[in-house]
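The data below hold one chain only, encoded as C-alpha cells and taken in the form predicted on its own.
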C-alpha cells in the first residue's frame, strides 16, 4: 500500500466510523437496534476470518465460542450484584478462550475437512451440554438477566440506552478490527498466511505450525466470545440456539459473501445477509422459507463474485 493509498484508507475508515456513530441519531429504534446487531454479527464473522482467510482453516466451532462467551457473561451478571459489565467481559472471554484452547489442542492436529468436522463435533458437544444441563444453563429456556450499567461501579455509571449501546458496540468492534488488522500484518500474521499457502514448506523452514494454529484458534475464539458477550448485554438473555453449529455456518457464509481474508469483508457480508433476510421476511412474511432464495443468491455470488462484495468493490474502484 502506497502512502497515498494509506492516507485514503484511514480517511475512509474515519468516514465510515463517523457515519455509523451518527446513524443511531437518525434511525428509528428498530433499525438502530438492527444496525447494532449487524456490528455484533460482523465481529463474529471477523473473528472466524482469522482462521478461514488468514490461516486457511474452515471452522464450524465458532458457535461454541460465541455461545460460551454469552453464557459466561450471563453467569457473571447473575452471580454478582450489582451487575458488573466488566466482570461479564472477563467471564465471557475467559470461558471462550479456555474452550478454544481445548478445541485447538485436538483439532489443529488435523487438516482441511477433518479440521472442519472436528470443530463441528466439538460445537455440538457443547450444545448438548448446555441444552441438557438445565440446573445451570436453564436448558431450552436459556438464561435471562438485567442489563448492567455502562461505566465503573463506585466511580461512574449510567444506564445503557439504544444510542449508548450502539456506540459502545461500535467502539468495541472498531477496536477489535484495529487489533486484528495489526496482528494480521505482524510477523505472526505473515506466518499464518504462509501456513495457508503452503503448510509443508512452512513446517520445513522450521516454524512450529501446530503452535501457530493453536494461538490462531485461541485468538479467533476470544473475539468470537467477545461478540457473544456483546450480544448477551444487548439482548439480556443467553439461549442454547446460539451454540448450535448452524450459527457457525452463517459465519462462514458472511465471510464468503463479504470477502475472505479482508477482515472488513465479513462485516459487509453480515450486513448484506441480514438485510437480505429482513427484506425477504417483510416481502413474503415471516413464515417464508427465506433460506431458499438466499441459497440461490449465495450460489450466484460464489460463481460470479468469488472474491465477495468487497473484492468486487475493489475491482470496480480500480477500473
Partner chain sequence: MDLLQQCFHGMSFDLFVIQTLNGIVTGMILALVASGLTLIFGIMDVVNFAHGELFMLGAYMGVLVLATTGSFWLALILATLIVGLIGAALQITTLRPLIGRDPLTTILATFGISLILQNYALWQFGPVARKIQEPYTGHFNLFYLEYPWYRLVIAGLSAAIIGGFWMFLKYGKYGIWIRATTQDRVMAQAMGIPVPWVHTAAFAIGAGMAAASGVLFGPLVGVNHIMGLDWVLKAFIVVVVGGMGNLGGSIAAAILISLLEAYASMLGCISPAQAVIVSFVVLVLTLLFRPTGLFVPTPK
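Positions refer to the first chain, counted from 1. If you're wondering where the values come from, they're calculated on a predicted model, not measured in any experiment.
One more form of this protein exists, namely the form predicted together with its partner chain; it is left out here, but the text below deals with it.
Proximity of residue 252 to its partner chain in the predicted complex: non-hydrogen atoms within 4.5 Å are present. Although the partner is absent from this view, residue 132 contacts its partner chain in the predicted complex, with a non-hydrogen atom inside 4.5 angstroms.
Taking the partner from elsewhere, residue 298 is found to have a heavy atom lying within 4.5 Å of its partner chain in the predicted complex. None of the heavy atoms of residue 166 is located within 4.5 Å of its partner chain in the predicted complex.
In plain terms, the part of the chain that comes close to its partner chain in the predicted complex, with a heavy atom within 4.5 Å, is 124-132 out of 204-212, 124-132, 71-79, 233-241. Looking at its partner chain in the predicted complex, residues 37, 150 and 264 place no heavy atom within 4.5 Å of it. This chain appears without its partner; in the predicted complex, the one residue of 177, 91, 145, 245 with a heavy atom within 4.5 Å of its partner chain is 245. A heavy atom within 4.5 Å of its partner chain in the predicted complex is found for one listed residue only; from 101, 172, 183, 110, this is 110. Annotation for 45-77: interface residues with its partner chain in the predicted complex are 56, 58, 60 [heavy atom within 4.5 Å].
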